[in-house]
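Before any questions on binding or motion, here is one chain by itself as structure tokens, the form predicted alone.
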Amino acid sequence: MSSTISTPVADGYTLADAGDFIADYTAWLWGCGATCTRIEKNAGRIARALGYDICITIMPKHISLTLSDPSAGCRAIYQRAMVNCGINFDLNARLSALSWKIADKKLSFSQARQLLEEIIATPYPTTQLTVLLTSLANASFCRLFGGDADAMLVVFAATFAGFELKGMLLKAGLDVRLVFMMCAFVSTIVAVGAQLFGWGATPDIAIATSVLYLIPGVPYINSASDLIDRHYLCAMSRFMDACVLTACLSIGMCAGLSLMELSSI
């Protein structure tokens, strides 16, 4: 929404074009898991490179920005809803790199717009290597907590099954809270096999660590970062989202234990 009519500049874009571009950019950056500070810095970097001043207000589900042209006296206000694309470090890094390319004048505005479209259109597949490394990492956690080799093997299998299921359910468009419950349930069922069949001396550790891959660490860390930077609403929102996902994880795990008739671990 613009309060004045924008006039084209040398590169062929207007204040309205720049505002739309930055609004879309910040919505995707917010959705992929960037902190509020990173959003402000990246958007400010782009705006200055395009010759405008910017003021950003970041809310838990929306971003509002005011873009102004000091030389022409033009001002425009834009709002975008957060894009629910999930935590994506690759997308985060590529969007940040885009802001630097614009700031260093390595891209024209039209090239930057095209590159943004290419970045957000890139699928985020869960590769077998990612699943394998995640399973190995969770098995390592099992060892750190005192699990033996049999427990590590069980945790590897439980994580592999749960992480594969997570990728399939997210691609199917299921609510992330339901996904967390179902994945925790499946991983717990697999891990309980260590205790039911007497595999190893530490089956309890295998069960307890089988769902650690689902812990929403990034939202917890981002909430602390936003709190430090005085983005209190976003910090509380991210913290509550992380708590809800943790609760969903616990519900799925408890359901698995209950089904297998294990009241405690």
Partner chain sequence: MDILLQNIIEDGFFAAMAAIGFASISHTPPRTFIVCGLAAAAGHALRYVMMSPSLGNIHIVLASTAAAFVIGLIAVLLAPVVRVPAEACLFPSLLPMIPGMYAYRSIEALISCVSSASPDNAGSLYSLAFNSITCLLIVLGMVIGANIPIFLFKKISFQATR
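Positions refer to the first chain, counted from 1. Note that the structure is a prediction, hence the values are computed from the model and not measured.
Separately, the form predicted together with the partner chain exists; it is not shown, and the next lines address it.
- In summary, among the residues Thr130, Gln114, Gln79, Thr122, the only one with a non-hydrogen atom within 4.5 Å of the partner chain in the predicted bound form is Thr130.
- The stretch from 215 to 223, 49 to 57, 193 to 201, 63 to 71 that comes within 4.5 Å of the partner chain in the predicted bound form, counting heavy atoms only, is 215 to 223.
- Taking the partner from elsewhere, every residue among Asn92, Ser140 and Ala208 has a non-hydrogen atom within 4.5 angstroms of the partner chain in the predicted bound form.
- The partner chain is not shown here, and in the predicted bound form it never comes within 4.5 Å of any heavy atom of Thr26.
- By the criterion of a heavy atom within 4.5 Å, Ser110 is excluded from the residues contacting the partner chain in the predicted bound form.
- Using a 4.5 angstroms limit between non-hydrogen atoms, Ala172 is distant from the partner chain in the predicted bound form.
- In the predicted bound form, at least one heavy atom of Ala97 sits within 4.5 Å of a heavy atom of the partner chain.
- Taking a 4.5 Å heavy atom cutoff to the partner chain in the predicted bound form, the contacting residues in 31 to 54 are Thr35, Thr37, Arg38, Lys41, Arg45.
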